[in-house]
Structure formats: structure tokens, C-alpha cells
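Below you will find one chain, with nothing else, as C-alpha cells; this is the form predicted alone, and questions on how it binds or moves follow later.
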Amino acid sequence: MILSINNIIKKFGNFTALEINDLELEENKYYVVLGPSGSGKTTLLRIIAGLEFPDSGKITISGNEMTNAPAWKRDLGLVFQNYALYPHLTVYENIASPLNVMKMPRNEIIKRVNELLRVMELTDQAGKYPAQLSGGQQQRVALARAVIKKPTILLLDEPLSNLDTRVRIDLRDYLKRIQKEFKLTVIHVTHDPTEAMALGDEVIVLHHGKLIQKSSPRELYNKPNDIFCARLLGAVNLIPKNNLNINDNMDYDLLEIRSEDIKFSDDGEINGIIKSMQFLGSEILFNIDIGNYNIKVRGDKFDDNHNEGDNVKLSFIKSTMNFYKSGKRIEHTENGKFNKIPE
């Protein structure tokens, strides 16, 4: 393991910002730490970086205990959301600065800087200053500067949050490219679920300073550990048991199914009425009453057959459903059979 975190607790006054029992990360993987504001994401990153120290617990990096080691001893790269470039240095000089501090031979500096300029598509910007660059270009320079010394772990604190949607999507490609090309271990903090799923080999979900789930994006989306994780990843229907009779022999409170896993079907088992529609470009989001309870259904953008006020029949893709008891997902082995929806 390249990083092990054991029994870490961090408090600010009486507030417990972080409490993680065990978290282990492997080499050459892209990890994304996901959670809302106040979940402990940045506190975790700062403790790994050595910018904060835990009240108790142990941090091991590459087999060496680093719990109370200063940041400069940890061989980490760190990129903030505000770029933190040197305004008086050119793009080339900003990227080269860590190697100059290390007094690396000039030929090696030139080789490494030119390689990163190529990978980040900044070769034609090498002589410019930060103020002459776009936000996306500045962030690429900041990434290149952090990567150039080949850190043991690259830490990214909300690196895309200050950029517009199109630039964020482009920079996601750069991030994955440099992680694979330079075989980096990356820990990337974000509150954006789409960003987390697009980038992460594994996603680490924090809530109130605690580790809720650590899994692949696919597993997190399809099998969330609890209702918090289910809601975190977008449009999900959480239907109380008494509003949808299914698997009556199971002891559960809520049935969860995502909006894309409900289909219009002439022989569907669920009756509903379309209450409203939202055209979103790539799809239509339907709000449907299924008996004193509203659900969201994602439909095809070319759907001209359904309108507000229509009575419809729906089919649930049963293999995608999850069941929850007291907020936690419970395992089930049977798909169940729908009964009549209560009037």
C-alpha cells in the first residue's frame, strides 16, 4: 500500500472534523474523495499533505510513518483550486521551478519541462505569463508544476471547481492522461458526483467526517451502502414500502430505483399520471404520480408520445432495485412481484 490511514481523529475545538478507522490506497490508481461541504474532504487531504496534523492515529506513506512529519518530507504534489502560480514567471519557468529548487541538471530540467508542455498541450504557451492565460490553461500549468518532480502521491483539492463546464470536461481528460502516462497515485477531492465517477478508479465517500463507502464508481452507483450515498449520485427514487407493495416478505423501509431504470410499457405493472415534464436536451425528465407518491423517470429526448396529464404504465428494471432498512442497504436475492398500487 502506498498510503495507510489508521484511527485518525481530527478535532477543531469540540467539533470532530474527521474520524477514519482504516483507509488504504494502492499505487498507480486515481482516487476521488467525494462528499458535500463540511464532510471532511479537505481536512483529510491536508492531513495527508502534512498541512494539518491529527489529534490521534497514524499515517504511513510508502511504508514510512509520516503522522507528524512536515509537508516537505512527504514527497507529495499538491494542486489547489486557485492555481497559486508565480505571476512573475513564464509558463516554462513556473513548471521548471520545483526542479530548480532541487538543483537538478539543466539538461534533465529541459527534458522534463518539454515533456509536460507536450502532454498538457502548452508548448505554444511556454513563454507567456499566467495573466495571459485562460483559467483552464493556468490549471494545466499548476498540474504540470506539481507532476514534474514525480511525487509519490499527487493531491488535488477541488482542482476544477473554478472552471466552466466545457473546460472542466476537457481538463478531466488531461487529468486521466497524466495519471496514466506518469503512473501517478492521485487523491482528488471534489463535491461533484459526475466528476468523481468520470475520474475515479475508486471513489471514497465521506459524510460528517466518517468513511461511508470506498468502491468503484460503478459499484457506488449501483450498490450504494446507504441512502446518503444513493442520493449523493443524483436522480434517485426512494419509495416508501407502503406506497409500492413489493417483496412483502422482506423487512425494508424504502425501495430505491434510479430514474433511468423505469420504462414506459404498455404491459407495465405500475399505473401513473404524468404531472410535469422537463426537456433537458439529451433527455426528458418526467414527474409521475404513482398513487400519492411522485417519482422521476428519464425518457428519450425524441419521445413525442407522452404529455402532461397522460395516464401511463411503467415497468421497473427489477435487477437494479435496492432495498433499505433504517437507512442502510440490505441484501436481497429475489426480484419480487408487484401488487396493485394503493389508491
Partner chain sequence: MKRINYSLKKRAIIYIIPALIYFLIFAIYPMIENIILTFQQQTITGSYIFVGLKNYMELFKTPNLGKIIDNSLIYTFIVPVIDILLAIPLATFLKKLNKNFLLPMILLPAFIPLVTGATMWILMLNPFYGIIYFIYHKDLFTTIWSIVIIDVWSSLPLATLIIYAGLKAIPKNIDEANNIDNIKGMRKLITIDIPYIKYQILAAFILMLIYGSFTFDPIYASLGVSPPFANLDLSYYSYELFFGGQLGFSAVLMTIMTVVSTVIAVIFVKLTLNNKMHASKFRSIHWPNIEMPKPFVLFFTILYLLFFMLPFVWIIFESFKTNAEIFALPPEIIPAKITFSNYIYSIKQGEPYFITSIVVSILGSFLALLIGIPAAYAAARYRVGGIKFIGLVLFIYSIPLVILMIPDYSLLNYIHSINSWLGLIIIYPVMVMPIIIWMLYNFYSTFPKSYDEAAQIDGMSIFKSFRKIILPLSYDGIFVAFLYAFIFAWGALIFPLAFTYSEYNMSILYPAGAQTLTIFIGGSLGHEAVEYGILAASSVLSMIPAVLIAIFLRSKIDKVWRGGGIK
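We call the rigid core whatever largest set of C-alpha positions still superposes within 1.5 Å between the two forms. The structure presented is a predicted model; accordingly, all values stated were derived computationally and were not measured. Residue numbers count along the first chain shown, from 1.
This protein has a second form, the form predicted together with the partner chain, left out of what is shown; the following refers to that one.
Review point. Closest heavy atom of Asn292 to the partner chain in the model of the complex, within 4.5 Å or not?
Key: No, no contact at 4.5 Å.
Check your understanding: If you check in the model of the complex, is Leu143 within 4.5 Å of the partner chain, heavy atoms only?
Key -> Heavy-atom contact with the partner chain at 4.5 Å: absent for Leu143.
Check your understanding: Is Phe80 close to the partner chain in the model of the complex, meaning a heavy atom pair under 4.5 Å apart or at it?
Key -> Result yes; Phe80 sits at the interface with the partner chain in the model of the complex.
Review point. So in the model of the complex, does Ile204 come within 4.5 Å of the partner chain, heavy atom to heavy atom?
Key: No, Ile204 sits far enough from the partner chain in the model of the complex that none of its heavy atoms falls within 4.5 Å.
Practice item. From the candidate stretches 274-282, 313-321, 52-60, 25-33, select the single one in contact with the partner chain in the model of the complex, where contact means a heavy atom within 4.5 Å. Key: Correct option: 52-60.
Review point. Of the residues Ala84, Ala235, Ile169, Ile110, which one places a heavy atom within 4.5 Å of the partner chain in the model of the complex?
Key: That would be Ala84.
Review point. Just one of His191, Lys149, Lys214, Lys176 has a heavy atom within 4.5 Å of the partner chain in the model of the complex. Which one?
Key: Going through each option in turn, the one that passes is Lys149.
**Study point:** Interface residues of 95-128 toward the partner chain, as seen in the model of the complex [heavy atoms, 4.5 Å]
**Key:** Those in contact are Ser97, Pro98, Val101, Lys103.
Check your understanding: Once you line up the core, how about Ile95: does its CA shift reach 2 Å between the shown form and the other one?
Key -> Yes; Ile95 is a residue whose C-alpha shifts (by 2 Å or more) between the shown form and the other one when the cores are overlaid.
Check your understanding: When you overlay the rigid core, is the Cα of Tyr83 off by 2 Å or more between the shown form and the other one?
Key -> Yes, its C-alpha moves 2 Å or more.
Exercise for review: Take the rigid core as the frame of reference and indicate whether the C-alpha of Met104 shifts by 2 Å or more between the shown form and the other one.
Suggested key: Met104: C-alpha displaced by 2 Å or more between the shown form and the other one.
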